[in-house]
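Here's a solo chain for you in C-alpha cells, the form predicted on its own.
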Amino acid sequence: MLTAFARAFRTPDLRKKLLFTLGIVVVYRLGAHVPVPGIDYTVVNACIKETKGNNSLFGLVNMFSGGALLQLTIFALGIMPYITASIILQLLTVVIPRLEALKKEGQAGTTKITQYTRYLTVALAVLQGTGLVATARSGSLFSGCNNAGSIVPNQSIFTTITMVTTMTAGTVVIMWLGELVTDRGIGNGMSILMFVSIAAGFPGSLWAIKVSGTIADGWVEFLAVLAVGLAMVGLVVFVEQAQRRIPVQYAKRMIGRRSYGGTSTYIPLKVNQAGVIPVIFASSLLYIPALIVQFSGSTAGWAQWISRNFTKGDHPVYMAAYFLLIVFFAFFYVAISFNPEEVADNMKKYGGFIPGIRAGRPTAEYLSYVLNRITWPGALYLGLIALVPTVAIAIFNGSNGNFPLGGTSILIIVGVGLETVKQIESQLQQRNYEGFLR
C-alpha cells in the first residue's frame, strides 16, 4: 500500500489527483465542525462531556458522520442518507421492472439511477434532519445530560426549518464533494469520505481507552486493543480477498474464416459477497425498538422489556438478535444481488459452460448451490466480527463511545483501503502503457 502511494506521488498527474482528494477531505472535515445555526454549542459540548459521547441509539449514524451528528454541525447527517438511498435503489431494482431495465441499459441507465439516488438522498436528508432536530429539541439526543432540553433555545418554526434546511444542504454538499473525488480525484469518492469519517474518531477513542485504563497507567489496555485491531484487520483482509472461482469454458465459433471463443475464464464468488450491508441493516433495525420506547415514553411491560434487553449492546438477548439478523440479511442481500438464472442465461447465450455441468437450468442450480455454501462462512464471519466490540466492551468495562475497533468500522476501512489501492495501481498501470498505446 505504501509503495503504491509513493509511486503515485512521484507521478505528476496522480500527484495532482491525490492532492485534490486531500483538499476535499480537509473541506469535509472542516464542515464537520461548523455548528448548525439555532443551537447553543456550549450546551452541546457540555452534554458531550457529561455523557462522554456515548449514545447507543445514534452510534452508527454518529460514526458515519465522523462525530458530527452529536455535535449538531452542518454535516451532522453525514453520508448516511446517500448510503441509505443507494441501498434502497439497489433493492428496488429487483422489484421494479423499470429500474431493472435501466440497469441493463449501460452507462445511460446508470446515470439515470444515479439521478434517482440523488433525489432520494435529499428526501431522506429532510426526513432525518427533521427527526434529529425534533430529538434535539426534546432533549432525547443526550439522555444522560441535565441540560439537554436547552440545546435549541429558540424552538420556533422558522428556527426549525432553518436547521433542517442547513443539514439537508450539508448532505447535498457532501454528495457533491464525493462526486468531485470520483471525477477529478483518485476515484471512489463516497467510500473515501466514509473512510475519513470513521477514521477521524480513531485517535481520540484509542487515547480514551488509555486514559480510562488501570493497568500500567492504561498502556496494557491500549496495547491490547491495538493487538486485537491488527488481528481483526488481518482476518478481514484474508476473508475479503477470499473467493471461489468457478471455471467457465467458451466453445469455439466459426464466423466466416475466423475462429472465435475457445477461451477459459472463471466466475469469482466472494466468501463475503454481501460486504458490510448486513451489519448496517441489522444495526439500523435494532435501533428501532429503542427509538419507539424513547419517543413514546411508555412504561408498559413491553417497553420495560425492550429497555432492559435492547438498550445495552452487551445484553445476551441483544447480541443473539444482532448475530441472527446479520446472518439473515447476509443471505437476503446475496439472494437479491446475485441472480444465478441471469448468469446462466448469459453464459448460454455466448456459448459458455461450466465443465461437467449442462448449460441452462443445471448451471443455475449449481451456481445457487455453491453460493449458498460459501455464504454460510461469510455470514458467520460477519456476525463474529460485529460482536467483537461488544465482547471487548464487556471485558474492559467500557462503552460504545470509547471502543474504536468495531466490526462495521474495520470492515469499511479495510474494504475502502483495498479498493483505493487497486484504483491507484490501475491508474499507474494505465499511465505506464500510455506511451505504447500512442
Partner chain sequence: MTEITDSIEVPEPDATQDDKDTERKPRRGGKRGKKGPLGRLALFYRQIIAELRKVVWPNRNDLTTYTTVVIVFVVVVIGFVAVVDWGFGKLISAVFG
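Just so we're on the same page, rigid core means the largest C-alpha set that superposes within 1.5 Å between forms. Not measured: the values here are computed from a predicted model. Positions refer to the first chain, counted from 1.
From this point on, the text means the form predicted together with its partner chain, which you will not see here.
Using a 4.5 Å cut-off to its partner chain in the predicted complex, not one of 117, 128 and 332 places a heavy atom inside that distance.
Exactly one listed residue, out of 106, 97, 301, 356, brings a non-hydrogen atom to within 4.5 Å of its partner chain in the predicted complex: 356. Only one of 161, 199, 224, 292 lies close to its partner chain in the predicted complex, with a heavy atom inside 4.5 Å, and it is 199. Heavy atoms within 4.5 Å of its partner chain in the predicted complex are found in one stretch of 236-244, 317-325, 82-90, 106-114, which is 236-244.
By the criterion of a heavy atom within 4.5 Å, residue 14 is excluded from the residues contacting its partner chain in the predicted complex.
Using a 4.5 angstroms threshold between heavy atoms, residue 182 stays clear of its partner chain in the predicted complex. In the predicted complex, its partner chain stays beyond 4.5 Å of every heavy atom belonging to residue 70. Taking the partner from elsewhere, residue 373 is found to have a heavy atom lying within 4.5 Å of its partner chain in the predicted complex. Contacts to its partner chain in the predicted complex (heavy atom within 4.5 Å) from stretch 102-124: none.
Relative to the superposed rigid core, the position of the CA of residue 365 differs between the shown form and the other one by 2 Å or more. When the rigid core is held fixed, the Cα atom of residue 195 travels less than 2 angstroms between the shown form and the other one. When two forms of a protein are overlaid on their rigid core, residues whose CA moves 2 Å or more are considered shifted, and residue 34 is not one of them between the shown form and the other one.
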